[in-house]
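Just the one chain here, laid out as structure tokens, in the form predicted alone.
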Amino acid sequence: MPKTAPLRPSRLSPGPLLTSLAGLLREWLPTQRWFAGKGRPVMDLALLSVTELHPGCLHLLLQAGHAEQAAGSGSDEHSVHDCYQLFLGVGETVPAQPARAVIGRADEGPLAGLMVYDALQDRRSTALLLERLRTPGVVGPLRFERDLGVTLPAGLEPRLLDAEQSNSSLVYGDRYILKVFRRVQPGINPDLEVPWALARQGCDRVPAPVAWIRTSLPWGATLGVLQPFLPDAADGWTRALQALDSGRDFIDEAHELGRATAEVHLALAAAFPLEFQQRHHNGRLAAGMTRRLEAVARSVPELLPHAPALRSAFDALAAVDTPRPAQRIHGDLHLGQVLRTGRRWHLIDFEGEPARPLPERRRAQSPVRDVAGMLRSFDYAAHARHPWRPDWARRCRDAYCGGYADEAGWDPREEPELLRAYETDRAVYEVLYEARHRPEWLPVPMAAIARLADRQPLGARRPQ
């Protein structure tokens, strides 16, 4: 166990502290899965907030910039800045933990000679973090709050999940899960706001928050949310691949998932105000989709031959001038965002797409966007196993929409222009993501692009 005496105030001053940490963090940040500039050099760093949670454990809000190539701009680069949340352990030695937790030894500044490591991979630090949540209070700019109607037991064993991408999650005793938001933006995070509102509506499809962390400086933001953990649950992606591997249909589960999605949408419509769109709303929505298509086509040449036909999907949406009322939605719905326990589906991760601005993620939108996201996810699952199973995906899509219609009282397929436009927009986003991060997966969204461009049903044509 490392020595963990409280740090002197001079060591906590942001300027001198950054002298100790800057070199270490410039090397460490680009290797983290949640860092937006993965693989790209860190251009500049600034400490926005420093708090000693307990002796030897620092909480940091760090602004980091990285070089980003603008879509379609060739070699031109610009600097992108994000705020990140870090939990850093500091001591003469590092406690027993995975080697990847080690960030390095500071060689200058107030921490010179001390080891720095990721405290979220340290059992002692994460156990004390739960204690902070059990006993609400204020530590510097940090506010630990909880639902006083829920009793949080002490002594739950912590473990860090390995499967996260944009955040970090700790499971305590297989009873609770704490999601730590790595990229922080001003305002309440939807992953706290939405489940809390749904719990007040009596919707049990979404685990209700029991505790959370906020910060008052440098601006109000949600830093983490503790919710019940479903230990025996399997996510929808795993369930779908198991069905494909065993050669069975996924129709019943897809139908029930559609019903669950509609149930959550109905609860969201009751929990948050509806927005009645003005005339020409669809035209503005279609214009934004067209701009994204044009930007991605400049970056991914494979998309260029399909661009004119894809643009017709957005033109068709613009011609429909009778939009439904907009409401709060999930915002990033796919098979990885749903859990199955027994015969019941639960929806999780209401954060939306972390790369998008928080006001955009909290904006009222059409529920068809969520439906389109799930339809694309069935397509991905069908491509994840060989041979490709387009008929399997088509049956899942139909069953999902049918289940949605049974619960909601209206069928998303009754709005073909909106559904096609949202699915096209999602596929365009997937093309850019796969081209940048997983080129071997690019054929998956490109197959959908070919289908959507030709207005053919799923599976009518397989890319060569």
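Superpose the two forms; the largest set of C-alphas matching within 1.5 Å is the rigid core. Position 1 is the first residue in the sequence shown; the rest follow in order. Every value quoted in this text rests on a predicted model; they were computed, and no experiment measured them.
The protein also exists as the form predicted in complex with a small molecule; that form is not presented, and the subsequent description refers to it.
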{"query": "Which of 406-414, 39-47, 60-68, 425-433 lines the interface with the small molecule in the predicted bound form (heavy atom within 4.5 Å)", "finding": "425-433"}
{"query": "Contacting member of Asp118, Glu253, Asp349, Glu193, with respect to the small molecule in the predicted bound form [4.5 Å, heavy atom]", "finding": "Asp349"}
{"query": "In the predicted bound form, the one of Gln97, Gln185, Gln337, Gln277 near the small molecule [non-hydrogen atom within 4.5 angstroms]", "finding": "Gln337"}
{"query": "Residue contact check: Thr222 to the small molecule in the predicted bound form, 4.5 Å heavy atom", "finding": "no"}
{"query": "Contact label in the predicted bound form: Tyr380 to the small molecule, heavy atom within 4.5 Å", "finding": "yes"}
{"query": "Any non-hydrogen atom of Ser166 within 4.5 angstroms of the small molecule in the predicted bound form", "finding": "yes"}
{"query": "Touches the small molecule in the predicted bound form: Pro141 (any heavy atom, 4.5 Å)", "finding": "no"}
{"query": "Non-hydrogen atom within 4.5 Å of the small molecule in the predicted bound form for each of Trp237, Asp332 and Arg438", "finding": "yes"}
{"query": "Large Cα shift (2 Å or above) at Leu442 between this form and the one not shown, core-fitted", "finding": "yes"}
